[in-house]
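Presented below, as structure tokens, is a lone chain in the form predicted on its own.
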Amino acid sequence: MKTVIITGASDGLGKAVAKLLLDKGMRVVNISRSKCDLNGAENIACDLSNQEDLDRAVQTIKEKYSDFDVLINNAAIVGYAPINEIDYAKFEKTWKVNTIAPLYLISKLFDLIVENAADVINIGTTHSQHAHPGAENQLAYCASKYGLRGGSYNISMELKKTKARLVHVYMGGFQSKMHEKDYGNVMTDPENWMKPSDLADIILYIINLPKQIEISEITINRKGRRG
């Protein structure tokens, strides 16, 4: 039975992935402030912007889940603000959650990732490929996801000589409450956005690929959003 660790599996895409993996008989461990309420999910309470919480989460993984097969860095926040109004605290928290936390987790668990020949999946964004309409007022988010992209490149080079794999996913827009949680913008046209359950199918496919196959990067986008 595979053990999969997911950050931010209490809601949205992370929860959809967790549900599918649980349905497939895998062990799912969620790392977030809020519990994943799916039957069978195990939880590690953690504020991803807090180093002490991250260190405690790492220690729990080493003690209880050291044989994990997959680490999915999914959690993220928008950090929405007009470019001339964003404050230092919002910049800092966005970078801590979106960039530092996933890269720090990989760093602290690196030896186990190599030992387990584990897969690491970093959920990025198409906004870190090039500018898209709709990225306005998301300076902290776009910049922090560029940071995750750069970290993924570096870690991929470190893992090149091992059996472990890293996949960086450039994720396009999907049905989510990220914006609603951040600044109250409720999605009014969910039918025009990708479904988390469909994206979960793709993540499962990647996880189940034979070890001699590696998808280093993949872009998943809404129809018509190329370029």
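Bear in mind that the values here come from a model prediction, so they are computed numbers and not experimental data. Heads up: residue numbers just count along the shown sequence, starting at 1.
Heads up, the form predicted together with a small molecule isn't pictured, but that's what we're talking about next.
Checked against the small molecule in the model of the complex, the residues Glu158, Asp47, Glu42, Asp69 give one hit for a heavy atom within 4.5 Å, which is Asp47. With the partner left out here, the small molecule still marks one of 118-126, 149-157, 104-112, 84-92 in the model of the complex; by a 4.5 Å heavy atom cut-off that stretch is 118-126. Put simply, Asn192 is far from the small molecule in the model of the complex: not one heavy atom of it is within 4.5 Å. Among residues of the shown chain, Arg27 is not one whose heavy atoms approach the small molecule to within 4.5 Å in the model of the complex. Contact between Cys142 and the small molecule in the model of the complex is not found at the 4.5 Å heavy atom cutoff. Mapping the unseen interface onto this chain, Thr60 falls outside it, with no heavy atom inside 4.5 Å of the small molecule in the model of the complex. With respect to the small molecule in the model of the complex, the three residues Val167, Ala200 and Thr219 uniformly fall beyond 4.5 angstroms at the level of their nearest heavy atom.
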